[in-house]
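Alright, here's a single protein chain in two forms, structure 1 and structure 2, each given by itself as structure tokens.
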Structure 1
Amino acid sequence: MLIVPEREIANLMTRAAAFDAVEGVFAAMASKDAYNFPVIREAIGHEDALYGFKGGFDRTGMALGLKAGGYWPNNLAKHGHINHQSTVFLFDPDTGMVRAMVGGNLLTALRTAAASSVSIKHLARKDAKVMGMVGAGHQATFQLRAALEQRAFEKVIGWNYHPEMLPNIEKIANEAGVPFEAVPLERMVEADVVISITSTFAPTIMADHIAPGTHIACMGTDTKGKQEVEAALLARATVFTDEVTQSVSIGEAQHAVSAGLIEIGDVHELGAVINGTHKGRSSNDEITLFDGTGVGLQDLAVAAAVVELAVKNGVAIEVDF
């Protein structure tokens, strides 16, 4: 069995490798060569922690396994560890024997940023110039860094519920050589691409904040009850997702579907666009919306890629198990 510790991930995994892994697994999901197992997420009644498992099997990449982990709200204050903690376990699909244990914290941020980037590659207008960010927390920095590689963006505009956090994303824009401006939410209409990555339970982005022709990736809503955008925006947009089942139950589409504004059949897999079985954007005026809910197969795909890199670089720890 191989172990790739969390401390090695930053030296091994690149944004490009995460992008390729996630694009490949979305395509495999749409062609039914890969599927996710039902998600388990439990409040364990200890330390206010939420703990669970996301797993699946990808027949094309022969990745079988799960990510185990969750959220411990007191970690940072009490123990000096980050609050989100996860570990990926990979198994040999031929024998069921454990193949690898991989630190999952940084990988989660990289695979989540890769998902919105894949959606921008396939759905945003080619001439997109203004990048809009709603959110400025931990994930937002990874999201922006990856998104800026997808188009020739000339400006980043940003809004955050806690404005004091905006320097987090301003720094990323500046590092990429792109000017940044903090704006009121109403000015998101100036953006050609918007990423929302917040933990809100009440929508902040209204339908009128998004101009025709925009691509918006909604990445924060991954739990029942969370909501970043007004449901009416989904009725105006062509809606894509990583996985339809998750989108309508724990993703942004849960609200538009339960309000009767759209139907399950209106939510399309991004993988179908990658595979060429859905045409994707059909006009320059169309709003495309990607509901990125986060699937276990993304975790397995990036973990499998990092194990390969660790072996190549001689840093995988081998244990007799």
Structure 2
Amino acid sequence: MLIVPEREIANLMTRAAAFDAVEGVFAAMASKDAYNFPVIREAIGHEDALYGFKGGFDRTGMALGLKAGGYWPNNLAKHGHINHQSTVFLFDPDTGMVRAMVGGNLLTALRTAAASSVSIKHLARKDAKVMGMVGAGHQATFQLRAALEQRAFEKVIGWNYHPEMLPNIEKIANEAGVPFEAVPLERMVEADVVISITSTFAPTIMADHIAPGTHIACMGTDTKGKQEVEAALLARATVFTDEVTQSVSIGEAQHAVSAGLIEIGDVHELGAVINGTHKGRSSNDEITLFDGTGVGLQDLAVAAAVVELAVKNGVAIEVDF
């Protein structure tokens, strides 16, 4: 078995490699060459933690495995560790034998940012100039850095429940040479692309916060009950997702479907746009919404890529198991 420790990931995995891995696995999912297993996600009754498993099998990339981990909200304050913790396990599809154990913390951040970035590439207007960020935590910095590579953005506007955290994303904008402005939520109507990355159980973004022609990527809802945007917004938008089953059960679409505002058939796979079997955006006035629930196949794709890089660079640890 190979082990790729968390400490090695930053020197191995690039945003470009994560983007390619996620884009490829979305396409494989839409062509039915890859599928996700049912998600297990539980509140364990200790440290307010959410813990679970996401897994799947990609016949195209021959990646089989799972990611185990979750969210420990007290980690940073109590222990100095980031709140999201995860590890990816890969298995040989031919034998079932364990192939690799890979640190999943940075990989999760990179693959989540890659997913919204892929959605921007395929769904946002080509002339998008203003980037909007709702959320300014640790993950938001990864989201913004990746998003700014997809269009020639001229400005970043941002809002967060805790305004003192906005310098996190202002720094990323400044590093990219793009001016930043903190704004009230109502001014998100000025954005051509919006990424929402919060952990809320009540909507933050209302339907009238989003202007016609905007692409919005909702990246924080991955659990039953969570909600970042008003359900009415999904009724105004053309909705895309990583996986329809997750979108309507634990993603943003769960609320719009349960309210009868949209049907399951109104939620489309982003991979179908990548494959060319869905036209994607049809006009400059259309609102497109990507419901990024986070699928296990994303984790397997980036983990498989990083294992190859670790072997190539001689930093993978081999152990008998």
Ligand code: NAD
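Predicted model only: the values in this text are computed from it and were never measured. Numbering for residues begins at 1 and runs along the sequence of structure 1. Definition used throughout: the rigid core is the maximal C-alpha set that superposes within 1.5 Å between two forms.
Of the two forms shown, structure 2 is the one predicted on its own. In a rigid-core overlay of the protein, Ala49 has its C-alpha displaced by at least 2 Å between structure 1 and structure 2.
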